[in-house]
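Listed next as structure tokens is one chain, alone, in the form predicted alone.
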Amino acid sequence: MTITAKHIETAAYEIMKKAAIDIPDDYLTGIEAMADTESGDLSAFVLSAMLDNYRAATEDRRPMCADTGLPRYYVKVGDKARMDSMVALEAALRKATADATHDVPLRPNRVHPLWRTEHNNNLGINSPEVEWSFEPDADWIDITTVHKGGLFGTDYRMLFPGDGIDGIKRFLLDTLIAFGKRGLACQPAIVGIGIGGSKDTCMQLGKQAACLRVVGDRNPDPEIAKLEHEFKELGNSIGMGAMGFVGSSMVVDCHIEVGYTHTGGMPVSVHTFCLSSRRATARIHSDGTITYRTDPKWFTPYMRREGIS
């Protein structure tokens, strides 16, 4: 059976609603655990208020945060999936974005960077962003939407091999402290770190690590998995909690993704998701049925392969 543009549009519209309204279970569990251990009075108050807000959003079927960020998509296409066309698929994603902006509603955040004009539907030039990946021996299409703020919470630094792990730690601490002091992030958050690749790949890997892996997930490389745990503990030891108040609730989890890079450098990017960790995934099966989940399952062994196959 052919996966049609209508299937794509239906799935994308539904995950737009789910991402804006319903907090993923893994993230909710992570916030609840932090609320149980947070000793800072104001940080504990913020965490408690956010948990109340999550419940109210689900009950009232309205967005959990007034700023619904910049909706974007990650699409994984099985190599055996049959579809109308790639152009029709992307058009369906844009249509679903416009309809969800009106219906949910999502805040229409997209404007022209120079003229500040907007279409009141979160569409525009190169908007929404769509990133693609492919999966062998699969006949389905996975569509994930992420609603991530587009202003702050991201930084990049070109390090060198001699800086080593200590250099990455220093950059991470510098970044988290600056974000907390200047109000440039909405913590506690899942922190994604991209290491390696070219500059643009490094930024992509860090954002995907923050937005497309669930709380508790570990990198399959055991040494990187150790770093993820160490960096999480490091981030929660700087004396900052929710929304930058005194506390220990800065990092719900830390995820690291790597890419082979130029022998002379070690680019690193740091990305924080936000206190409203908005993501949802739909799988469109070959028979046209659609199932929904909150774990994007983006980083497959195929995506992390080192050789030709």
Partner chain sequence: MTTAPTRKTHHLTIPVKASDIAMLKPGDIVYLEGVVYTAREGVYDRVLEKQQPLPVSGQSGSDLFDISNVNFHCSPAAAILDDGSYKIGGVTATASFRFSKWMERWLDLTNTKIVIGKGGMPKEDYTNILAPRGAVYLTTVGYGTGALLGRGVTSVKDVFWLDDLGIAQAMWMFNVKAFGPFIVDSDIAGNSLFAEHNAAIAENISALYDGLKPPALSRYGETDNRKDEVM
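Small disclaimer: the values here were computed from a predicted structure and weren't measured. Positions refer to the first chain, counted from 1.
Absent from the display: the form predicted in complex with its partner chain. The rest refers to it.
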| item | value |
| --- | --- |
| Candidate from 217, 221, 139, 163 lying within 4.5 Å of its partner chain in the predicted bound form - any heavy atom | 163 |
| Position in contact with its partner chain when the complex is considered in the predicted bound form, options 240, 270, 252, 280, heavy atoms within 4.5 Å | 240 |
| Segment assignment from 71-79, 166-174, 86-94, 199-207: heavy atom within 4.5 Å of its partner chain in the predicted bound form | 166-174 |
| All of 49, 66 and 105 with a heavy atom within 4.5 Å of its partner chain in the predicted bound form | yes |
| Residue 145 within 4.5 Å of its partner chain in the predicted bound form, heavy atoms | no |
| 4.5 angstroms heavy atom contact with its partner chain in the predicted bound form for residue 113 | no |
| Close approach of residue 246 to its partner chain in the predicted bound form, 4.5 Å, heavy atom | yes |
| Its partner chain contact at residue 187 in the predicted bound form, heavy atom, 4.5 Å | yes |
| CA-CA separation of residue 28 and residue 183, closer or farther in the predicted bound form than in the form shown [shift of 3 angstroms or more] | closer |
